[in-house]
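Presented as structure tokens, the chain that follows is alone, the form predicted on its own.
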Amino acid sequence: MNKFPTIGILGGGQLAQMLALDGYPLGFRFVFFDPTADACAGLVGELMVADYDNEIALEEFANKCDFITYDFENVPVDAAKFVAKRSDVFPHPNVLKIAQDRLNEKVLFREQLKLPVGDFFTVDSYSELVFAAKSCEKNGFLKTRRMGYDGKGQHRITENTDLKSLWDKLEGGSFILEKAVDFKREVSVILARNIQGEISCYELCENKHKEGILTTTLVPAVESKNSLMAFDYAKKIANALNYVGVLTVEMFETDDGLLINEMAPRVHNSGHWSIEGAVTSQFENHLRAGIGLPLGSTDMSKGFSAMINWIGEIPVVSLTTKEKDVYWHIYGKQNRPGRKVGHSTVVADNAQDLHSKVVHLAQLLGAKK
């Protein structure tokens, strides 16, 4: 390995940007590959602009890199496999392939690893939709098997849903219908696993969503009887996949225990708090894991932390105020409804202090007392 390796990132979004920002102090170089000329990672490093099926550009990209990873899990698997013939890629493209298909992911969890998941049904036809809707008592979510994230590609199924109209509108395709889960909260485990098989876990995260998009993460999640089991489940998945890098596993906590929702084979939105909230951020540990360095400490820098997403537009106060223990991260993306354009992290010594700081931040943003 070169003393100061060049790391390529397929995808040029904010995750690529934050990977580079945490990698530069370690001497790493970065090259980003994205079909979009204004991809925000281009603000912090070399951006190659080409389609993912452009093998000439991919080869040029791979030849520049000692290691390659991903900015998001919907990078075409064929592109990942192509560059893997020319450079070390982490996590393995086979993991990417599983994570891109909700059905394959659920089958991995339930059938191969014997882990608990909610009821789900394959839907490839109108008749299968009718059967699945009946089986879940018309209380579920019809999701595209591929390419859905942040609430995209999802349709709520209820007693009032006109299944025929919905199917006609969809014009076919491959779907999965997931029965709605009556859960108390969503939690996520973020772990780093390196090529030697060493695993380090961050504190359990509790996540809150609005319209399918993560808005807030609180760390550590209030401990429950299921907390230790959450880490066991995530480690089992990572070891079964011989995973390398940061892996995030999202779970629903119910009265009866945990149900695994999905995994993300990359650094994750619910781990953004770790930039200021942990000794070693998820971004640095993803890089450390992938190139074979010892993992950094996942201990918290203070006792508690929170992450608040900015959706659609950056608050004006981000440029006009500086609050103690509140940090602003602006990605350099154009404002757009439903788009993640930045986030804030908050750190505190105790839960009460964290609550006070988050409430104060909300008030700065115009929330009523």
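These numbers were taken from a predicted model, which means no experiment stands behind them. A residue's number is simply how far along the shown sequence it sits, counting from 1.
We do not show the form predicted together with adenosine monophosphate (AMP), though everything after this point is about it.
Note on contacts: among 288, 235, 143, 92, the single residue with a heavy atom within 4.5 Å of adenosine monophosphate (AMP) in the predicted bound form is 143. Contact with adenosine monophosphate (AMP) in the predicted bound form, defined as a heavy atom within 4.5 Å, holds for exactly one of 178, 203, 88, 253, namely 178. Using a 4.5 angstroms limit between non-hydrogen atoms, residue 154 touches adenosine monophosphate (AMP) in the predicted bound form. In the predicted bound form, adenosine monophosphate (AMP) sits within 4.5 Å of a heavy atom belonging to residue 261.
Proximity of residue 131 to adenosine monophosphate (AMP) in the predicted bound form falls outside the 4.5 Å heavy atom cutoff.
In the predicted bound form, adenosine monophosphate (AMP) sits beyond 4.5 Å of every heavy atom of residue 81. Annotated contacts: 110, 116 and 121 are all free of adenosine monophosphate (AMP) in the predicted bound form [non-hydrogen atom within 4.5 angstroms]. Here the chain stands alone, but in the predicted bound form its contact with adenosine monophosphate (AMP), taken as any heavy atom within 4.5 Å, falls in 181 to 189 among 195 to 203, 181 to 189, 279 to 287, 292 to 300. The partner is not shown here, but in the predicted bound form the stretch 193 to 210 reaches within 4.5 angstroms of adenosine monophosphate (AMP) through a heavy atom at 209 alone.
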